[in-house]
Ligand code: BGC
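Here we start with a single chain on its own, the form predicted on its own, put down as structure tokens.
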Amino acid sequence: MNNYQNSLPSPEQRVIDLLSRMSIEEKIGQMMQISYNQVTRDEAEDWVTKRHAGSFLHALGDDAKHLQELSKSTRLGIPIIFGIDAIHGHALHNGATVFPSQLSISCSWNEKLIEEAGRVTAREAAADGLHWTFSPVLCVGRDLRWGRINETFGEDPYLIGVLASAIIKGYQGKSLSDSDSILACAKHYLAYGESIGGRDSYDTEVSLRKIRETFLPPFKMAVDAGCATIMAGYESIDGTPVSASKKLLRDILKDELGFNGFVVTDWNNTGSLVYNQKVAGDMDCAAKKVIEAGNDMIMNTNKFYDSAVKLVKEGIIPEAMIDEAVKRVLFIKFSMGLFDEKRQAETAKMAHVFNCAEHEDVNLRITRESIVLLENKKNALPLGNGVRRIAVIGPNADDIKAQFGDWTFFSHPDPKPDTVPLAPTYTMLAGIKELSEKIGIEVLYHQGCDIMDTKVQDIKGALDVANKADVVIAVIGDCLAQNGEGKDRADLNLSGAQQRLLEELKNSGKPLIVILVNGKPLSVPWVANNADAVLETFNSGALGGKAAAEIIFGEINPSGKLSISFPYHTGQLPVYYNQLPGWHGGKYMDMPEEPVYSFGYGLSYTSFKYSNLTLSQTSCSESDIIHVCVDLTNTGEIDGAETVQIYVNDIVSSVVTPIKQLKGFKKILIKKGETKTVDMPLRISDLYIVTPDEEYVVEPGEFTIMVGSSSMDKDLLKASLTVK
């Protein structure tokens, strides 16, 4: 037995031994990630036996098992890492748990539940023979036109970093070598969602100072949480593609942040340098750029292999540079136990693990906490005893595909839009029907109209149904065709005939409850002004209808808070809460100053009173940690959960700083009539600015500390802090 095949030496020692035995072809093979659905079976086998591919994506079940068996027969027997886009659950595999989207669960503001969701996803993916998920997304969702807003944790870098760290811990478990742990992949490094005009994969015009201030902090938190891999984004930053940026990948990520995992390119980033972004004349030039920049694994650019081998053999790329990349990949493989007991997955576990009772319970709990009550005029919800008949109307009332959103078996890797889900699902209609039947309420249903096609409508039929009911629940929003890669929107208004449908339903005179099923915030000021109650569910996954019904009938008290703001109009963008001061007039002349709904906002069936904001110190230094305390009283009639939020404003600074920035939060349960003192730590070192020289500095001066129920000034208590 060679030393690297012995499980007793450390992963570092095993890497050194194995690397010394590898040919250049075997080394570069380890840098290759092959997309299984883009090659034939014979080609896939050749990539294992002849070119030593280090990783495959989109190979599931028996296909992955077969390729892993083949890897044993190669000269050195190096195992394969199998990756999958388990973005909100292992949802590309029909039958697995489908959680709400990342945007949806971010509205729970519940780190513990999000970590549990990561654990569930890891168990199910690992039972399928997979080792790696391309999640979480750390992009900052600030331009709502962007098609991938649904994949983000919202608009705030701090919240994104906290929730990403939680799900990373869930994916990776206590140890990467555990049988039910998988690799996390923080993406898309860096500022991918900030591209001009919300255009997916386009150029991002931001400075390095702005990168450090806004877009790098979540990735630093992910690195500190031990994230094993990071994905380089498609986009260019100020004209330089990220996968060709030594500054971003080597200098900042690896050297400065100390990231010791490996970097994988996004889908065909290397080829894109030639064919799309046109910064390389041929594949040899592109391969040289990505190697020198610090990419360790190349996703789905199969021509890279021959070019890289050629570049090394001709002395254009030093072999030591290849060794550096391969060491990182092999270190992860040894750390995961892929050379040992974890090499072959026990796929027989799938039947017992996929969407088991324990996993379904986690899904339901996080779905409940992710739904946000946006309006509740005259306590329209929960529905009272006088209701005998409900009309459920709208294009998303009974559409599980719209509810699932992107990155499920309906849409990836090979779209199967007509597939029937194997695990139990609840559309909004199904959830409302189930609970209604238990309490003797009749439910009527009509689709009303289509999301996209204005010709597909029967508003008269919908009105006939509405007129027979005591209350109308309209389920509207968007659909899968309006979300995802390459699906950026110029218009955030309700599409199809939805607006007309709502107006006619309102004119019926019946109480109007609106449920939003959507991948991103839409422009819905009419809904805000005219609906009696509004629930935001985003893409709520398999159990969204069940959780929404529980809230509608008062079995669950809603506790979600928005992680992202809603505009009045597409032209009002951007509306994120942490903007810079200095705008002449402070608003568009034809738009309100505030968004329709602000970051951190969400209602409850009870009420909370904030009082007695105190700081443990009002004068401090950079090295201090102070305690921010506030009394929180449940002044309503039922128990409820509230998310207490801390914001900070640097009153005068040497660079322009946001009007407020989230620096802490805590979600707590308070019984009716109870008062709790909420104590939250605040690290003064977190009050830094980034100077024009890209230095992190806590400047002396006055700060305003704000605590409350949302980012809106009217919801915040304020105290002063002096930093010496």
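None of the values given here were measured: they were computed from a predicted structure. Numbering starts at 1 and runs along the sequence shown.
Omitted from view is the form predicted together with this ligand, to which the following refers.
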**Fill in**
Checked Glu485, Asp631, Glu593, Asp624 for heavy atoms within 4.5 Å of this ligand in the model of the complex; positive is Glu485
**Prompt:** Since exactly one of Asp406, Asp266, Glu235, Glu369 fits, which has a heavy atom within 4.5 Å of this ligand in the model of the complex?
**Reply:** Asp266
**Asked** Would Glu213 show up as a contact with this ligand in the model of the complex if we use heavy atoms at 4.5 Å?
**Response** no
**Request:** Indicate whether this ligand has at least one heavy atom within 4.5 Å of a heavy atom of Phe134 in the model of the complex.
**Result:** yes
**Message:** Just checking whether Lys663 would be counted as a contact of this ligand in the model of the complex - the rule being heavy atoms within 4.5 angstroms.
**Reply:** no
**Asked** Could you tell me if Asp85 has a non-hydrogen atom within 4.5 Å of this ligand in the model of the complex?
**Response** yes
**All of His58, Arg148 and Met231 within 4.5 Å of this ligand in the model of the complex, heavy atom check** = yes
**Request:** Considering this ligand in the model of the complex, find the one stretch among 312-320, 186-194, 527-535, 280-288 with heavy atoms no farther than 4.5 Å from it.
**Result:** 186-194
**Prompt:** For the stretch 298-312, which residues lie within 4.5 Å of this ligand in the model of the complex by non-hydrogen atom distance?
**Reply:** Met299
